Each structure stands twice: as structure tokens, then as C-alpha cells.
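What follows are C-alpha cells for two forms of the same protein chain, given separately as structure 1 and structure 2.
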Structure 1
């Protein structure tokens, strides 16, 4: 008789839309509170920060931004953390995509927002501090061509240069790429992706330059074998990856706790020390400059995961209660 069922058993057959409603309410609540949640960064995220820390001012790196707004909960945070670090260190970069025609627009928007935060004299200028090359279809063929010869792959490509009127300039004559003769001259490539374009990058570009990746939580496990084998130097996975990056940007890595109380510690990279990023905005501390979407969304992630754990536990108790009733009947 249904009135004799325990609450656990009733939960076995309740409408799943109630579960969805609870999720919406709790996650929305999580978005409005963003407490400082302590966390230990993944070693793969530390690898990414260490690789970025090894770059020098005026190095040129490649940023393959393959995401669109659908995965922005994770990948926008990735790109922002990456760009904030790069812009604070005055590293030049080339941004392009091999995955999606919508991707250039969303990464351009993200860059514009971050650039607008900076004081006038520290803003990144198109054609001088960075290049934005847009979309290249056929990821497999394009990556192979890039690895084959960067000069022939982008041969004849022109860019606008900020402050140069409407005139276009060959990209290899701009300060960003003038010293790049071959792919190996670039400091690193970072693929921000929710898809398999990182697999293609590993297959085609391994051994030529350090490869790093920032990917969604779902894709993460697929890339881990490459990280463990050393083919990918650093890997930030999902929202936790964003939060890991922000923590290291704000507090530094393996530093003396007396001087840097928020510094995080890593066992695998115990020999590497990295300072927090220096905020390019006057009056803003490293933490104020660095902590962004990762911190904002991390509470919501924790709440959603806690709900999932509770749902799994409740489901199992209900199943156990139903089985026990059957046995007793």
C-alpha cells in the first residue's frame, strides 16, 4: 500500500522535474554567494601555470581558442585566466581557431572586455601586441600545415594594425611574428577547447613546442594520458581548472607562506616556484585582478556536486528499503 511506503521508497518514483527544480534553485543561490573555498590545485593545472611562468616578456605564444558560448561556463573562465596571465606578463600572442566559425567572435569579445579593464597605456593593441587570425576550417589539415611550416601556412595573410589607419600589414612583419621563423620559435601553444582539437594538436605538433590545454570537464579524461606521458605540459580541466589557475595567479606557487600566505603547494612540481601575477591595474591587488569566474562559479559547482552525491545516496537507500520490504513480505 502506497501510504505505508517510507519517504526513501517514495523518492524512488518521484517526478524527476522536482530534482531539476532543486538543482536550479541551489545553483542560482551558489552564483550569488562566492565564498573563499579552499582547494588543492590539480597537478596538471600546476603544470600549466609553471609553463606560463617560464615564458619571458615579449615571447610569442599561440592561443587556439576553439570554444563557443555554449561551453562558456568553463571555457570562458579558461580563456580569461590565460589572457589575464599573458597580459600581465606582456607576452605577445596569436589567437585563432581550428574548430568553429563562431569561436573567433566569442574570443574577440572576451579579449575586448579584458582589454577595456586595463589602463590606456597597458592595453593590448592589434598587430602590435597580438594578432587575431580568425577561423581555419578542417582542423586536421590546418594543424598539420601549421606544424609543417608556420610561415607557409600563414603566408600572405595580412592584419590591421592599431594606429596605422586602415592599412594592412603582412602578419610576419608585425612585432608579434617578425622573429618567428618556425613553429619551434613560439613559446608555447595553449588550446582552449571543448572538443578533440587538442588530440589533433598533440598528434601533429608534439615535440615542436610545449603544448598546453584548457578543456571542459567532459573532455579532461581523454587528455590525461597525454599529460601523464609528458606530451601535454599543462592541463586545466573544467571549472576546477579555472579556479586552480586563479588561485595560483593570486597566491603564487610553492612560495614561503610567511611572505605569500595564499601560495599553493604542489608535490609534483615542488622544485618550481612561481610568483603571483602582478596586476597591471593600479590599486588592484594580484587577488583582485586574478580571481574571476573560477571563484564565482566554484561555489555553485560544489553545491551541484553535493546535490548529486545526496541524490545518489538517497536513490540507494530507497532501493535498499524497497528490497528489504520485498524480503519481509
Structure 2
């Protein structure tokens, strides 16, 4: 009887374990492929990179890192791109979370790994170049308090200062926050999130300082209206956002192709303003990011999606063939 079945009907009884094996093999292969994506950076990603370029080593920014390992495929790449850009420009930052007690540790691990990549004389020092303040529960209340008075919100917080014999110091006496009297004195806030904590930041902090966001592909569409309305200055969405950042970090933005062959082109602001021109990260080239997370994971993601689409199509054709055979029996 089985010999009379069509190939589509036979696929209905295909052992699903083989499908999972094919998925594992193809996705693993995708991790070792680094294709160039024939696409320009999203306008929202350019907005984020241009906002970062407007900062300098006298600025202090806030990094609200609200992700955990459940979304590391996208958000780890976001945080790494953000930190690499910030550390290359020697911008001071405060990192914390309002979302999950597990978030501080994954952020610390990422920061430690990136810090180890730097020459010893350029590594960021705790209490001097950055602060890591951990987890604060109740995102809505915490964000409101931060916006009302940053010094009151973090009053009494202390930090160990690297190279100071292990002694602790009030965070507002450190070089990171000594010139910050109110939230508006910070250069920007960037929320790295797979959830709605960016909505809370926009609701409570809009107008006080530039707000940027790096989010998963699922959350991106609900945040785009904030960007289009000007409430969010820059937005990197999903793995495409990571890849956008890597391209601009390596090649710069709107530079002369003769001198910078890997420069990225963007027509953002072209209708009423001069095109933004941003240099690449000093000492970096596109080769440094040939296996960056955006480029590395993008191929694996598309292979997995293609296999899923093919499986769905084959399954539906098989079901149609089986029902048609039943009707003709």
C-alpha cells in the first residue's frame, strides 16, 4: 500500500528527528558563513550611531541592560556593539537594569570579555570609567524616580574603585557621576531590551535626554512609532540592527569611497539636512567584524527560517495530496 503513496504523502510520515538533525547541521554551518548582506542600514540604526557619535569623553551615558540569556542571540550582539563604540570613544557609562535580577550578571560577563580585548592601558576601570549598579525592581517606579532626581534615586550607593586598594566610594564622588546633578546632564540613555521597559523609559523620561533603544526583532515594530515621532533618537532592531552597527563601526558613514571603500551610505536627513558623516572606529576595518555577531548569526537565522518555510510548504502540500487521495478513493 505504501508503495502507491505519492512523495508528498510519504513525507507526512517522515521521522521528525531527521528534520531536527538537518536543522542542527544547517544552522551550525550557517555560523561559519559570513555573507555580505545586500542592504543599507536602517534609518533608525543610523540615528543611534549618529547620536553616539555626538558624544565625547566628557559625557556620561546610562545603559539600561534589561536582557538575559533567553534573548542573547540578538541582545548580546546589541550590547557588544554599543559597548565597543562607547569604549572606543572613551565615554563614561553607568550600567544597570530595571527588568530582571539575572540581567546584571550577563551584562557584566559581556563587559568583562570586551574589556579583555582592549590593550591593558585602555581597559575600562570600575569607578573611574564606568559604574555597574545592578538590579532595581519595579521598572515603572524606578524609572520615574530616576527621572525626578537621579541623585536622590541613587543616594548612598557606593562602588569599589579599581586601583584604590579596594576601598569603596560614593558613586557621585567618582569621575563617572561627579558632574551629574540631574538626569539632563547625562549624554543619553540606551535601553537594551527584549521587553516593554523602553515604553516605560519613553513615558517617564521623554524630553529630559536623548533616548535610544536596541531591541529584539519581535519588539521592534511597537517601538518604531516612537522613533518616527522623534521620541526615540535611535533604534537598532534585531540581528539586522546588530549588523547595521557593525557595518558603521567598521566602515564609517557617508565617507568618500575612494578613501573608505567600506563606508556605509545613508540618505538619512538628506531632504532638509546635510548627510551625517561619521568615521569608523579608530583602528578597525570591515575585516575585524567579518565574524561579528550580526553577520555571523544572520546567515544561521535565515537558514533556519528558510528550512521552516520549506517544511510548512511541504507539510501543507502533503496534507492536500492525502485529502485528495481520500476523496478519489
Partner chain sequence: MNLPLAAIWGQDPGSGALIGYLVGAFILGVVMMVAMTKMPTRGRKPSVWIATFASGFFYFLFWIWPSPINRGPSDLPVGFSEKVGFGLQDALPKVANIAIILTAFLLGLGIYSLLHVHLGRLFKKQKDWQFSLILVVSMVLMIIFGYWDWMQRQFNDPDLLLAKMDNWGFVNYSFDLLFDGLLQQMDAAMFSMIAFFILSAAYRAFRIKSIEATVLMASALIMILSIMGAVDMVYSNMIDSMTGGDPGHFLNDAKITAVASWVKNTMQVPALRALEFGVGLGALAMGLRLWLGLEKGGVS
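The term rigid core refers to the most C-alpha atoms you can superpose between the two forms while keeping them within 1.5 Å. Residue numbers count along the first chain shown, from 1. Because the structure is a prediction, the values reported are computed rather than measured.
- Structure number, where the criterion is the form predicted in complex with the partner chain: If we ask which form is the one predicted in complex with the partner chain, the answer is structure 1.
- Task: Establish whether a shift of 2 Å or more occurs at the C-alpha of residue 302 between structures 1 and 2, with the two forms superposed on the rigid core.
- Result: Comparing forms between structures 1 and 2, the residue 302 CA shifts at least 2 Å.
- What is the C-alpha shift for residue 315 between structures 1 and 2, rigid core superposed, to one decimal in Å? Reported C-alpha shift between structures 1 and 2: 7.1 Å at residue 315.
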